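Have a look below at one chain only, the form predicted on its own, in structure tokens format.
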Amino acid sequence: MSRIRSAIVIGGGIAGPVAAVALGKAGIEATVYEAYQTTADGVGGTLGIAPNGLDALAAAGLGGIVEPVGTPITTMVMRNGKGRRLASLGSPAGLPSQLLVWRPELYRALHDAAAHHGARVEYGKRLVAIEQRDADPDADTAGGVTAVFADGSRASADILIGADGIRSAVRSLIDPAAPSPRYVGLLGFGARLSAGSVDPGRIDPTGSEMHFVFGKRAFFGYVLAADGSGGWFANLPRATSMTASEARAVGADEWLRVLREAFADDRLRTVDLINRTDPAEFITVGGMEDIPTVPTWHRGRVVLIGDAAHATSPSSGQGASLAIESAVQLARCLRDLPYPEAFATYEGMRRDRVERIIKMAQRTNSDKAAGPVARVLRDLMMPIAMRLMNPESFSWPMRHHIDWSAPVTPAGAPGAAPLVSVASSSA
């Protein structure tokens, strides 16, 4: 059995609170340390929780927390800018529908659930260094790890988990040569539509469908309820990336104008949704990014989960679900194995799966940014490919099941690197 009794979790987004709850279920006390001063309430667009994400939440004892804030999506309908229906994908047989959720509402649900389960979250804690120490039997001292924060405070535990996202400080501290996020060639935007924003007589409500438009110059997705409420997102091809702050500096009014022009030649009423958007509800993501592979997932008593270990672009529709899966699987491994074997086994469970999904998202990004010739080929081939496709070729990521009660045995994976002490360059 594992001797791990306490954990520091860096990052209070999606993976962090789930990890804290799952660790608690495994008998490990966890505290989440978040760099921001408050929760992310009111910040962020939509994301999907796929059936595998719902399954993982249930395994951690968090089943049912997302459904009250999610909209079931049973079908994804794809069209080109001329309105031609290219394909539709229904929910895989035997699985629940994916849920479309607004990121702030998901954050709130996860943080409320973590608090209910006794996990503590501390805000305003920006990590600047990690110190690790070996156990010393002669001195009767246990090994452990200490997180050092920018405000001068420190926290110690048996292990530290980096759940701090695609620009993970933990990842850089355990591997200064770790790859940086890669721009995928698309800028991301979105907006929430309040009831009455859109006249249903002009655009048909989507019901439980989500509609995707491969436009002439950009990609558009939307859902629309009967009362005119809903939301949309757009991916705009651009040769060079922009940070979120750079993109926000351009201003909502200017970006809405750019997007109207991008979709002006398309026959579907995407421009109507853009025109009905309140600039105050407009969301600018900046450059969409991924990391194809992260060589080092763990070092000593430190391990990565979520986007810190396996960042996929939003086009995968799996980012949140994979983060939840990894948090739960790591907790299972730490429940049953000493931490070096637990970290290696966790990586062995996860790496191939997540990197395969990252590659799938790369193909989707290419379709969204297709040029004139590639658009013609895509529109010709996609309907044929969908008719001939084995449904499992797209549904396999969603069929992943976690059996919490099953014991974990050691599996082959790259071994943990030696214990080290590391500090950021800004410390």
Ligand SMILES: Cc1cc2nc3c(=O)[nH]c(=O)nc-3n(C[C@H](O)[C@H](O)[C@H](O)COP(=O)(O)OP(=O)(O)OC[C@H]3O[C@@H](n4cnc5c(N)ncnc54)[C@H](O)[C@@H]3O)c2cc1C
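Nothing here was measured: the structure is a model prediction, and the numbers come from that model. Start at 1 with the first residue shown and count on from there.
Note that the form predicted in complex with the named molecule isn't included here; everything after this is about it.
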| query | finding |
| --- | --- |
| Position in contact with the named molecule when the complex is considered in the model of the complex, options Val328, Ala163, Leu334, Val302, heavy atoms within 4.5 Å | Ala163 |
| Partner-contacting position among Tyr183, Trp255, Tyr107, Phe212 - heavy atom within 4.5 Å of the named molecule in the model of the complex | Tyr107 |
| The named molecule in the model of the complex reached by all of Pro51, Ala60 and Pro397, non-hydrogen atom within 4.5 Å | no |
| Stretch in contact, per heavy atom within 4.5 angstroms of the named molecule in the model of the complex, of 60-68, 397-405, 27-35, 355-363 | 27-35 |
| Heavy atom of Ala19 within 4.5 Å of the named molecule in the model of the complex | no |
| Contact test in the model of the complex: Thr345 vs the named molecule, heavy atoms, 4.5 Å | no |
| Exercise: Leu23 in contact with the named molecule in the model of the complex, heavy atom 4.5 Å | no |
| is_contact(Pro314, the named molecule) in the model of the complex, heavy atom dist at most 4.5 Å | yes |
| Residues of stretch 44-81 in contact with the named molecule in the model of the complex (4.5 Å, non-hydrogen atom) | Thr46, Leu47, Gly48 |
